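Okay, so we've got the same protein chain twice, two forms, each given alone as structure tokens, structure 1 and structure 2.
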Structure 1
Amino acid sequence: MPYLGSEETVKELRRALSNPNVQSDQLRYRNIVLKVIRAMSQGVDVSSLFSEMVKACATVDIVQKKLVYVFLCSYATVNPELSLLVINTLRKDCQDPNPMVRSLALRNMTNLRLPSLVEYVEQPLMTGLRDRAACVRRVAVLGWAKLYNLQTRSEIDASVVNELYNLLRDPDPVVMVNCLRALEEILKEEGGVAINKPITHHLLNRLKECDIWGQCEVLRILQRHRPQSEDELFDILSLLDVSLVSPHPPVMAATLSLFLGLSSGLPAVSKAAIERVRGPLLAICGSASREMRFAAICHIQLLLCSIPGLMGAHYKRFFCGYAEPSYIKQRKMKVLVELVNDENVAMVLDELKGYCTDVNTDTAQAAITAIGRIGRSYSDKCLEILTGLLGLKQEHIISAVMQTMCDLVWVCPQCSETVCVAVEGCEEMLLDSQGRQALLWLLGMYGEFVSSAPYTLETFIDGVRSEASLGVKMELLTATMRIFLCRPAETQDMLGRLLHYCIEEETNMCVHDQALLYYRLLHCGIEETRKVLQGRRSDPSLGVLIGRPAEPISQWASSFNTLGPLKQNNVEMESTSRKTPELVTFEPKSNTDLRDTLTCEPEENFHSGSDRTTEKTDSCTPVLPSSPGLPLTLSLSPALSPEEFEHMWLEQQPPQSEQGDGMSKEEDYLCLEECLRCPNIFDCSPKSLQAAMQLVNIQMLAFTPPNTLPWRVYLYTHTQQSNSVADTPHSSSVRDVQHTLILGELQYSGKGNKKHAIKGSISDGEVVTKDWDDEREEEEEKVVAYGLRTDRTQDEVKVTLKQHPKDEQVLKGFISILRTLLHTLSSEGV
């Protein structure tokens, strides 16, 4: 920032610099040069002093030389011609007996950044590579990188590259590291410096000589090495084990990054390495430098994606400090949310509650959001806190609570009752558009339970003219429409007014068109409108019973130890659950193509399968006619909350569970146990399992994390069967469409399961375990005959299904769908 009188200053400085009296007095001369640099760093344009400064360069005073070089390097690009004058002095200095002078000259020669000077620089650089003093070699090596980047697309002499490769064996570790850096830049187009086995081992052996900065660079570059054998890999890893727990954060991070890269094919090794850095990482979280703390917390967030249990016992370390900056507090809260469990939930919530009144509104809102996230698993406690916060009557808090409740209700529909009570009377305190949108969404969705809903909407509609936010207007339209559907008498008049305003007067096209759409929709009749507007109220699949599946480490390994995790909004733990509810209606996916392909295939299997079943199970079930083309449809609505599921599941527990009979038939429900052979299904990621199930309209409610035993999945679906086959013997009442609800559990518990299944079949003399895979069974018999232990149970998943009302045929159809699905998935998994 140039200040007044800068011209005066420059003039004065020039006079002083060219004063022979000053020039002869070393101290005075240096002080004037100092003044020039001071002016320069304050932002005064002193480039016009260039020629005077060039003269000042020819001095024996090293301090002055350094100062002049600072000046020259800053202004050389502005004065390329004059810079030529310097080059002679610099070249002379390169011959100086003092290595410090030599390195200084060489460094600044390459820092001038003038392509025209390249020809003068090459020769001293070449000599520099072979200089006796390490400090000169360090500079010379990097000089080549500078030179290379200066000449656009020029070929660098192959002999230089060779020389640089040779210098990797330089006794000075900094020269070695600089060689890596220079080669990396020069050979950018070829993918950087070539790392082969000898170089790798050379670098590893010399790692200890380097300081921490050098170590980091070496570790970085080693990521490119691919060990040829597992032995070599483990040799490298054990060499690096010390660095992994280094007290220096950069070294620790670089080592872990290298570990993750090298052992990408061995998840267990990566996991062990991550466990190993837990201590050092936690130590950094308590570091005196808050920026360093922040970096550590951001990286812990990454690690938690794959190993959720990593920091469980240390949750207190993520409690926010009193004077910590908001960016740390907000990240810590995100970590805390991940660490909540039954034991610490009370402590964590108590802590988070304290943050809700933080002076920083962003921090307060982040705390409220965090409570909402925890509410997905511990809804009662969290709702109590959230409703308590409404009592504070502060705009930003109420707005955040509203938004949080919206999200919460979407995921946990059982919260709606409390939320409906809480919503009343909040509208006056909501000032920002986000909060009001959330309130409107809630009113629209749960209007029938909020007695004052139409009146609240009326105040919104009366003020629609002065409403500035587009989002609020859109949400208002949808909410009014929805309430109209359930409470038409109270709403009709205001809906008319709103539609009239939006269609006739509103200038925004989105609002206008939306209103027009609704208007026309109403013309199509109330049923049509209902179909479009009343979609799902919740999406329990996002609920917390379905724990967020652990991501594979490879997902984030490449961004470890980069700036990425530290950037804002980068690590979004989960996409927002409630997306544009006003525009998308959640139609149950009923007839997707994929579903057809998945269900058509089992149809055939089913026949053969069911035939076999009939033979085997004829003692306990009436003969099932194979019904070709049985139109069995699965659907997800009405949605079942996890609580309901649990309740029904326990209720339908067969009273005599030790009955031994796989199919226990009670009054109106059917319980069936099956063993399906599907290798690797429990290795398959829960996400893909869930996605596949959703395709055929089976909803997964809960599952254990992968790689834990017993592995369990709970699921449910509704079946609809157009009962066109008139002579179905067991259908008690002949209806056109039959609905049943199927609850299911898939369980894989290792070897114990198998024994149990076998025992069952022997003791009862009946086939309880229906094995669908005969070949496999034969094979197993052979194996047993040879006296070998079989591993077959590894592949078997025990399926327990409970159906209400009972309909065996449908259940069988369902099993075959499930079986195909699991088979498809497990074969994909392999």
Structure 2
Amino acid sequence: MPYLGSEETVKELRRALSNPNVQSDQLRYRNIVLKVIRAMSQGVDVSSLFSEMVKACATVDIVQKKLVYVFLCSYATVNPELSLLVINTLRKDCQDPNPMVRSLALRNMTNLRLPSLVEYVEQPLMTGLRDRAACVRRVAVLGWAKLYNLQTRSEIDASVVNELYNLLRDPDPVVMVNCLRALEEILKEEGGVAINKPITHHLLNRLKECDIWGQCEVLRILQRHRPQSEDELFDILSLLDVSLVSPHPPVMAATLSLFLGLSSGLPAVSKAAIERVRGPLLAICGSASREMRFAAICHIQLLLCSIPGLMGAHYKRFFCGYAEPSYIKQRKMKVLVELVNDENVAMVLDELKGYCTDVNTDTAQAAITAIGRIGRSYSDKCLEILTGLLGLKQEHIISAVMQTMCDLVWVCPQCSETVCVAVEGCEEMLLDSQGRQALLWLLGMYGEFVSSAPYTLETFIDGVRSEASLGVKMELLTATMRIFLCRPAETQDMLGRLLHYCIEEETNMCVHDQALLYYRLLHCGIEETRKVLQGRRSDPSLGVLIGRPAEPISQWASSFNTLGPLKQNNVEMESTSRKTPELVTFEPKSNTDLRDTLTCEPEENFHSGSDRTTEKTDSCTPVLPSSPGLPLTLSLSPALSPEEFEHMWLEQQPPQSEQGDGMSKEEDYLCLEECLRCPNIFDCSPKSLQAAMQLVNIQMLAFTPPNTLPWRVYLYTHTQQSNSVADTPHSSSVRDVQHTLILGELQYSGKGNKKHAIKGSISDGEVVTKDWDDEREEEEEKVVAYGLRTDRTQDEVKVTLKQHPKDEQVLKGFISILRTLLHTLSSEGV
């Protein structure tokens, strides 16, 4: 036979198909048809053989029919007029006594995809819905979906929809599932198939009869159903209970997704369901399929967001195997970080230390990063490992260690001394830009503690002309400026050379403009430069938060059993941005409460007592006098460590009324206790609360985990307020800036607080006390079965503030700001 790519091939095939001798021999005829299909698959245009192939479909040989139908469906759109010739044959085959022939004919009638043939297809499809053979009904059901896909703008035939709904009770489970898929396609614009209570129970009762993908399809569609009563809800959950431990991972995942959607208002039920799938998830982690293992680990990482201790006893299951791909190893290391506790920290760190020398650089760097994250809670052990890795003298390891140390000293300032000793002499092995930027940042922030810091910077400055990285140049400028402020004699000459090069010779405008900014800043004086460049070196509050706050299950339930958890950056711990926040200044108007300066405060009055009336005031009537319209500034600098906070908090205890002469030795401070009515603040996400407070420069030091009673939050801030003091009646007023430190505790005990008091203690023993009405109705708890959800709309949060030195006006302004912030969060329901 001639070459298949030539025109002779088509001519030869046409002659063979038209040869009566070939047509009379069934085997030879089938082989010729097979050669046509082979030529078509190799890219030869055989559309001119359409007429001959139409004749070839008039045969009793099912294999030949299938081959011919493949050809006809491929070239039907090229020859729409000739396609009419095959309709009669297909309609005739729809009445064949063989169900395989009938189903084959129906399938290919709908696969022709020609709008002009729709009128010829409808009647066979309707007959196929009532066919006694299940295989024909399966094809007919999907055929209606294909038909409506061809004519999306046509009116929906109600009789067809009713027939499909009736087939939901077909004895064949595949027909039932195909009906769901077809109704989803046909009723797409109306929201898909309507799911009610009878249909839901029918589908769930027949769930075991379906295959794996049929069960997943049923469970996916049932997510739209919302039970109308608790009894109906628990009936559905009971039917789903068996599928939660299904040996088939797709069914288990789809069931849990549906379970979480139905029990979104019942956190206890959702948590119990997640704990039930712990075993199946761990079994999938040992699957032979890499893809299956990776998907399971990603979903486990998602579950740990709400239940951190879910896999605590099984942490060894997440140790990496030697032959595992790097993407699985990296995900396992992220899970290990979440599972670290006092009992297993030594074993986990020892395992991660072994991964640091992995031949895959990405895996080694991920292991070092994981050690750094664990170092936020176990800094001494992790620093010992990190400093030991520097001795390996490998470029990618040293670079990763430098970046990890930067993050570690930002959240754990107590590690700075060890880090300063470890970074000396590492510049020679750092060749990548990220590692060099990390080293320069450390030298800039802690240059006075690193003896060789100026000489290391001089090496970078001497090679700045050949430096290709923009980030390294900009970090070098900042680091040199910072070291100049603390070691000017050693740095002055090299700083001048660096600024001259960056201003006069540097072609990159970002570097040029930054150098010019620093040059002009130096002209403003050293003190002004110090204010701009010497900010906070760390944010220790990030290192003492009690674990990672547990997220509500409803926050990620919709992404479960989707591709969302498989994304690389889907689940990350809190960011550690090494930036110094600016001061936030509030300028209250005269005769206006400070909360009115914040636009988010609603005009609404709140009353803490039943008989207490207030004008445009706070939730509790203040004892302190109204503050004048003077600027109040909040600042986070200087930062307080947890130990300093605890020492000062315990030191400033309210005095007992009978202390006598002992009061004369106490420091000047003021203690305030007040109750704020903040609906739903207990349900506020810790991340949202922390972010909102940092916007106004209030720092959260620690908090208890969500849904834990009593719920506490500890915070602090520094305040500055300018007071006008007139020397003489004829002299101009002089600005006196008052600095105070405010420590605070927010407490919610689960019931309304009945007593509110303000106690002040100063050096002369002054005590100011004021009580509100003790009478308050107790709220009725509405407990939903399994949910344990309580209505806390009328509960109050007890606020305890301790200020040093005493300034009643400043404390009055701060409580107004805090009240505004808490009420805004609770009213938005974050």
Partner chain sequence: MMTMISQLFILSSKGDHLIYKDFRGEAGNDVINVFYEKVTALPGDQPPVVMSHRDLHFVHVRQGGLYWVATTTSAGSSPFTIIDFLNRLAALVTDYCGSLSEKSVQMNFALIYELLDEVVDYGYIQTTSSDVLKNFIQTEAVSSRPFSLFDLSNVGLFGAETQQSKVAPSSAATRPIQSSRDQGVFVDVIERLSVIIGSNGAVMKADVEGEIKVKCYMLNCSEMRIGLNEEFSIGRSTLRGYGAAVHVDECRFHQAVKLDEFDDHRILKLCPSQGEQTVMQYQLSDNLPSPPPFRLFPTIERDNRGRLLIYMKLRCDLPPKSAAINVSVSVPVPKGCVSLSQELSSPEQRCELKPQSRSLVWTVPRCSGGTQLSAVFKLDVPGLSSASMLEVGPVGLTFELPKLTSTGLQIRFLRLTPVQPGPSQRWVRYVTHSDSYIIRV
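Between two forms, the rigid core is the largest collection of C-alphas that superpose within 1.5 Å. Remember, it's a predicted structure, so these values are computed and weren't measured experimentally. When a residue number appears, read it as a position in the sequence of structure 1, where counting begins at 1.
Between the two renderings of this chain, the form predicted together with its partner chain is found in structure 1; structure 2 comes from elsewhere. Relative to the superposed core, residue 217 shifts its CA atom by less than 2 Å between the two structures. Relative to the superposed rigid core, the position of the CA of residue 120 differs between the two structures by 2 Å or more. Once both forms are fitted on their rigid core, the CA atom of residue 309 lies less than 2 Å apart between the two structures.
Note on residue 130: its Cα is shifted 3.1 Å between the two structures, core used for superposition.
Core-based alignment between the two structures gives a C-alpha movement of 5.2 Å at residue 30.
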